[in-house]
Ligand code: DGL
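There is one chain below, alone, in structure tokens, taken in the form predicted alone.
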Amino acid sequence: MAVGVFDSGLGGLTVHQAIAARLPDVPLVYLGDNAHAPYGVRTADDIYDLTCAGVERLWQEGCDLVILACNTASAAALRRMQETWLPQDKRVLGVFVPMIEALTERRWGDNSPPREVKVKHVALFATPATVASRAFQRELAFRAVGVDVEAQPCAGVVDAIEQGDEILAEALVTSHVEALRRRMPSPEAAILGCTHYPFVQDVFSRALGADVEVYSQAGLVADSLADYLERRPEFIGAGRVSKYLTTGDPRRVSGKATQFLRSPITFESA
């Protein structure tokens, strides 16, 4: 009954933690493609190929449903995977839609026409590849009208987080927020469009100010997954063992993950 959680590195652990808290009886297999991180500076074809390989590895662990806990993979690869590659007995879900549904105050599966929403000016902070894909704007347009989205590609932030350089990460976040504010002086809401960014969410909040509501993904994705599995229990896979896998150096990745989450985590080689 395992569910897979895939990310380019360690950011997806924020989603993994939220799912584990929401669904404690469901075994979770986490795969971090640390050997190829970060994805945010790669081409769309490269991201697609790496994501497909990671999802197939999770299928081998008995995970018929895989969460792409990576905004870059969700933006650059998910639609293509679902339309041209995914077998009928498997499911791959992304992390954009639950956040957009929260922002637009729509329930899961509400396919009514797009409508006016309260929030009109939205700042999106994401990797360069996610911004270039315009996937967030495309999904938002399905659900809301009249919303102005200003996207800021946050080059370097994921690298700094993965390297454990908190000072550099804070400096980069502050710089990116300032750059966005020059184009959108008064955002009403901010989307952290990368699962690494909860590690520096306080920095984003301070730089944006108390009047800007900051949306992060982990809890929203966990709630959406719980709803999905309640309606489609056939996609709970055959796996029975929770584990952490990495394409990188397991010892190094375990140390980084333990540092990030402040609790011991042991990765195995994928």
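Residue numbers here begin at 1 and follow the sequence given. Just so it is clear, the structure is predicted and the values come from calculations on it, not from any experiment.
The following text describes the form predicted together with ligand DGL, which does not appear among the structures shown.
- Picking from 31 to 39, 53 to 61, 220 to 228, 205 to 213 the stretch near ligand DGL in the predicted bound form, with a 4.5 Å limit on heavy atoms, gives 31 to 39.
- When contacts are judged by a 4.5 Å heavy atom cut-off, residue 194 counts as touching ligand DGL in the predicted bound form.
- Contact annotation for residue 158: at least one heavy atom lies within 4.5 Å of ligand DGL in the predicted bound form.
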